[in-house]
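As structure tokens, the next two blocks hold two forms of the same chain, structure 1 and structure 2.
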Structure 1
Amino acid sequence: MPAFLARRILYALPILLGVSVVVFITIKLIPGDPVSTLLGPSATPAAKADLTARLGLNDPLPVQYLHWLWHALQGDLGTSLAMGQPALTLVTKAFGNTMVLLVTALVIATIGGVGFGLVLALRPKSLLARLVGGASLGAISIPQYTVAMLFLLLAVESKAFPVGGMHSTGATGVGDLASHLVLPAVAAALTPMGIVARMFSVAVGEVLAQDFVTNMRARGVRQPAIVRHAVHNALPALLTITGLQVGYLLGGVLFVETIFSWPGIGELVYQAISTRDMALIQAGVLLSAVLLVLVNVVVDTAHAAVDPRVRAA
């Protein structure tokens, strides 16, 4: 396993380098002039030229990229010109809030997806399986931001849950956080839950159709033991599916955060785009991209841990 993990980390390094190039170029392609945005329309040409020089925007793009990458490797992602604070500090704090929402949504999606997937695989012709199949298809078809808007309207009408923020005014307890977390987490989790349910049901169904399961039934092995063996053999597929949903969730929670005013990376980057705060945009996008690469490494390693054939290959 250590050798396998080391290889996966080495494979991830060029990917991370490519990610940094894509992030840097993408930010440069955003229309608008950050200097004019920061100084305002009444700024003098001399003030614009001075700020342009201080930001290093006169240098060729390769020079700008290498300068930015060198500082990023040292943990310096620049300073937010709009807020006057280190971009890494702002992004790290917001990213922690996003992880609370993302992990909660991932747990809901995985548990619900596995449960519904087993229903679809073990009782495919039952009424319950038909209801679950229809619900999972509907969850996949409806965008997360649409579900979030619907939940927001229902919360406003019913007043059963808070409609925005991470804590109520003056409250910091876990219970208060949980009440604010319910709606955005469920809204973000529904689509991944539907995907996990349908894919996991296929994986379990393929295992149940194999010869060794037929032999187990012929020997009189009870259904719970057969299900345990089927789930164990379907774990690699479940890990892969769940790992892919992290990327989907990270993209989806950005909209959910904006709708529910959750103080995460999505809302922060949205505000940074509005003010053309390039350092903050780059830091937020880069940290999100690095997380996806690291998640892939973790998923590959977990896959190898449960499937010796992967390690042998």
Structure 2
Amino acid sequence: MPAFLARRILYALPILLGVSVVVFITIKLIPGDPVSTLLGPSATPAAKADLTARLGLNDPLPVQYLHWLWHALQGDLGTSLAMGQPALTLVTKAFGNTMVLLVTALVIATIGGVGFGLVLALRPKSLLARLVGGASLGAISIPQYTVAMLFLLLAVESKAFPVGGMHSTGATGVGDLASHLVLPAVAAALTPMGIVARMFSVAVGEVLAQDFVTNMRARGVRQPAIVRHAVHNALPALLTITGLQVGYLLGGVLFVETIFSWPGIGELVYQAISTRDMALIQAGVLLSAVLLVLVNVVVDTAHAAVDPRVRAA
């Protein structure tokens, strides 16, 4: 298993390098001259030339990239112009809050998706399965910000939930956090839950159609035990499905955070866009992509742990 993990990490390195190149390119996409932007319209040509040289903007692009990468590896992703702090510091702080929301949503989506998926796979003709099937199709089509708006409205109207933020003023308890967490987490989880339910039901259905299931029946194995076998065999697929949802959630959480004023990456990026604070955006996107690459490494390794045939391959 360590060998598999090592191999998988080795494979991820070029991807990470590619990710850094893409983020670097997005900086270069910014139209206009960064020096003029920094110094303002009244700057003298000499001051401009001086800054251009100091920023290394006269170097060829590959050199500029290596320069940027060298700083990035040391944790220097530039300074947020709007907040006057290192971008990485701001982003890391917000990332923790995003993780609280994302992991909660992921757990809800997986548990709900597995439950509904089993209903779809095992009782495909039941009324419940038809309801679940229709609902999951709706859940897949509904944008996360639409759900978030609906839930926000619910919070406003019912007054049963706090309307936004992560904590009430002055409060720090877990209960307080949980009450703030419920609506945004469920809002973020709804679409992934629909996807997990559909894909997991397909995976379980495929297992149930395999010969070994019939042959287990021929040995008198009862239905609950057969379902256990089927779920076990569908676990590798579930891991892959859940891994995909992390990528989906990293994007979707952005809108949910903005709408619920959750102090995470999404909120930060939203504000950064309105102030054109590029360093913050780049840092947020880079960190998200790196996280996603690492999640994929974890998913693949877990996949190999569940299915020994993968390890051998």
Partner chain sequence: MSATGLDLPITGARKRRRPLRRRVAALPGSTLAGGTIVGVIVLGAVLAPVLSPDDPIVGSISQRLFDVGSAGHVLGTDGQGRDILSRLMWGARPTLIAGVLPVLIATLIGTTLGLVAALSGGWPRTAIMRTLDVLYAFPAILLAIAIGAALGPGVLNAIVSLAIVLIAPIARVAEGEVLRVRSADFIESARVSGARWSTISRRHVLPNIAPALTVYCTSLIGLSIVYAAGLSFLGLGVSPPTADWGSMLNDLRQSIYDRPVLSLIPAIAIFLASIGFNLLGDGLRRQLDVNEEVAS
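Fair warning: this is a prediction, and the values are worked out from it, not measured in the lab. Reference numbering: structure 1, starting with residue 1. What we label the rigid core is the largest C-alpha set whose atoms superpose within 1.5 Å from one form to the other.
Between the two copies of this chain, it is structure 2 that is the form predicted together with its partner chain.
Once the cores line up, the CA of S261 ends up less than 2 angstroms apart between structures 1 and 2. When two forms of a protein are overlaid on their rigid core, residues whose CA moves 2 Å or more are considered shifted, and G251 is not one of them between structures 1 and 2.
Fit the two forms on the rigid core and the C-alpha of K48 turns out 6.9 Å off between structures 1 and 2.
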